[in-house]
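Just the one chain here, the form predicted on its own, laid out as structure tokens.
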């Protein structure tokens, strides 16, 4: 028998609070120290437009151009979170419907992207309301390095007021908060920046090995400066930096249609459940 939405939300928040409490108890060095300032992307052209980088103590939005671009938006958001977080933990809150539509996170893939799974606190939220409540809780914890919240579509609860609450929480704690919006359209929000992301063709490595993840990232909004620019950014997992690349012609691998994004034995089972 499935738990009611209210009970599921309470259980989600209780597990998240427990994980955050363990961080605050001294698992992470300098856990109570607020870290703000800015972080750069590592690529000169976008960093120049951004005035040196993105502020940590703020909300940033990453939209997928379409459902098929959801993995690209998630990857770009994770790369920004890794840049912002340094060596601190990252909380990733995913609405369950995102898993249904795009497939669950794949732990070996996260490792290949440059994320140590031991630094990740993954929260599965039954609905947008639970996801926003969990994001509000996490965004107030200075022991973290960054918070990702991934939502599907355009939930009514994610309005201007909700985005302001998240922005204020991020400003108070000094955390960078990234809202990944799958199959959603931009609406008024308090976000500092807004991006639209698609996957792009990558340059092959030695021996024609697959290249680094590459994104076509368009800066739709920048409250502190100009917007409207598009860059082709390659993610270097070893150095944790973006490298600007010229556009390459060629097909981009499509996401699976009508079947899971990963074999059943890899979905969810690569993460240990807590709480």
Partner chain sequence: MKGAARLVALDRRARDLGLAPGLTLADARARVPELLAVAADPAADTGLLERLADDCERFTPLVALDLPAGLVLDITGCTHLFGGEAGLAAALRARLERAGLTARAAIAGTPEAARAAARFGRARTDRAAIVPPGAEAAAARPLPVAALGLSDEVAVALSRAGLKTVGDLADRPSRPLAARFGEELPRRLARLVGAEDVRITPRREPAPVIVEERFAEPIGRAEDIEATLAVLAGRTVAILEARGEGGRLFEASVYRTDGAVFRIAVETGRPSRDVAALVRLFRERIAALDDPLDPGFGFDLVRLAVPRAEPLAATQESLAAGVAEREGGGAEAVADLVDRLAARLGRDRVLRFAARDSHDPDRAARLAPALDKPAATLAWSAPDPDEPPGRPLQLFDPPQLIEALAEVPDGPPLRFRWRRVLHEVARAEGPERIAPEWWRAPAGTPARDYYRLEDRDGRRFWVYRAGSYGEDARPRWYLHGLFP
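Just so it is clear, the structure is predicted and the values come from calculations on it, not from any experiment. Numbering follows the first chain given and starts at 1.
Beyond what is shown, the protein has a form predicted together with the partner chain; the following relates to that form.
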Taking the partner chain as it sits in the predicted bound form, is residue 51 in contact with it (heavy atom to heavy atom, 4.5 Å or less)?
no
At 4.5 Å between heavy atoms, is residue 213 in contact with the partner chain in the predicted bound form?
yes
Does residue 243 make contact with the partner chain in the predicted bound form, using a 4.5 Å heavy atom cut-off?
no
I'd like to know whether residue 108 contacts the partner chain in the predicted bound form, with contact meaning heavy atoms within 4.5 angstroms.
yes
Heavy atoms within 4.5 Å of the partner chain in the predicted bound form: which stretch among 153-161, 136-144, 184-192, 166-174?
136-144
Contact check, 217-242 vs the partner chain in the predicted bound form, heavy atom within 4.5 Å, ordered by sequence, gives 237, 238
